[in-house]
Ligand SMILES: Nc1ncnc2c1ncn2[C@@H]1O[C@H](COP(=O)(O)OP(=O)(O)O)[C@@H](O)[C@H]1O
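First, one chain by itself in structure tokens, the form predicted on its own.
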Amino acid sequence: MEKTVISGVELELSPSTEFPARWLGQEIVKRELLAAWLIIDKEDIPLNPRLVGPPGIGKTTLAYAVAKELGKEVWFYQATMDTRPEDLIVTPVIEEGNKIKYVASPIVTAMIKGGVVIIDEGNRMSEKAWASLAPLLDHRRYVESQIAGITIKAHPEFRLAVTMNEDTSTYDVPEFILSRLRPVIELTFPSEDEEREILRYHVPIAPEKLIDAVVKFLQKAHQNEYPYTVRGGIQILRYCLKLSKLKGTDPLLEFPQAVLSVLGDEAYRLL
């Protein structure tokens, strides 16, 4: 594990995340994110954009793909209703011999390394947890670890984005935090052509007629304001192919069953 020393305290850093990701379609939101992270003057600092939209619409993929396009390492922090302030900054861990080591969170590791951190589903965190990040999200750009007794400043190249789902808010994020998480970049459902391209990219072995069926279903869902997204479409495609392989049938014949199994009765009725 990589380590660093800050104010005499040794910190063990968290590993970054690597996975294949490509952003397809909706170039406008990509440009908006790039603009938010841009530094245009030596006195300038990056903004902390808030990516909002339904679950499964690609908010995390967008942030990750843009970060990698900028040549940066990426760290993720999955917010939960149980997240504590120390979880966001530095956590003490008891080692063998009752020695204490300090582990930097993904957020702090990205701050130190000058990478990007994506805080996923940020509206699941409590006000108390968010308050510990307040000085990081404005011109001060630092955090304080009460446990380790140190102040950690963000590298000039550090970037942050927060995703928030429209329908999974456990807490109301306080205004003093929301005012720091701007601009708000809203992701909407892809167009028909964009949806087809995304499905082809993620499930290239799917026959075109099956992709067409999934795209038609998803577009009908969007028009009728159902919350089904391309994530569900990818799962439907994959399950169709698995059922077909197991049963020796045409994948298209398994489409209704896959919709029912993946998304449930309401989606099945939409067929």
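Throughout, we count residues from 1 along the sequence that is shown. Source: prediction; values computed, not measured.
The form predicted together with the ligand is left out here; the points below concern that form.
- Taking the partner from the other structure, the ligand in the predicted complex has no heavy atom within 4.5 Å of any heavy atom of residue 133.
- Taking the partner from the other structure, the ligand in the predicted complex has no heavy atom within 4.5 Å of any heavy atom of residue 48.
- The ligand is not shown here, and in the predicted complex it never comes within 4.5 Å of any heavy atom of residue 222.
- Although the partner is absent here, residue 243 is not a contact residue: none of its heavy atoms lies within 4.5 angstroms of the ligand in the predicted complex.
- With the partner left out here, the ligand still marks one of 214-222, 50-58, 36-44, 66-74 in the predicted complex; by a 4.5 Å heavy atom cut-off that stretch is 50-58.
- The candidate spot formed by 26, 230 and 234 is fully in contact with the ligand in the predicted complex: every one of the three has a heavy atom within 4.5 Å.
- Only one of 198, 154, 177, 103 comes within 4.5 Å of the ligand in the predicted complex through a heavy atom, and that residue is 198.
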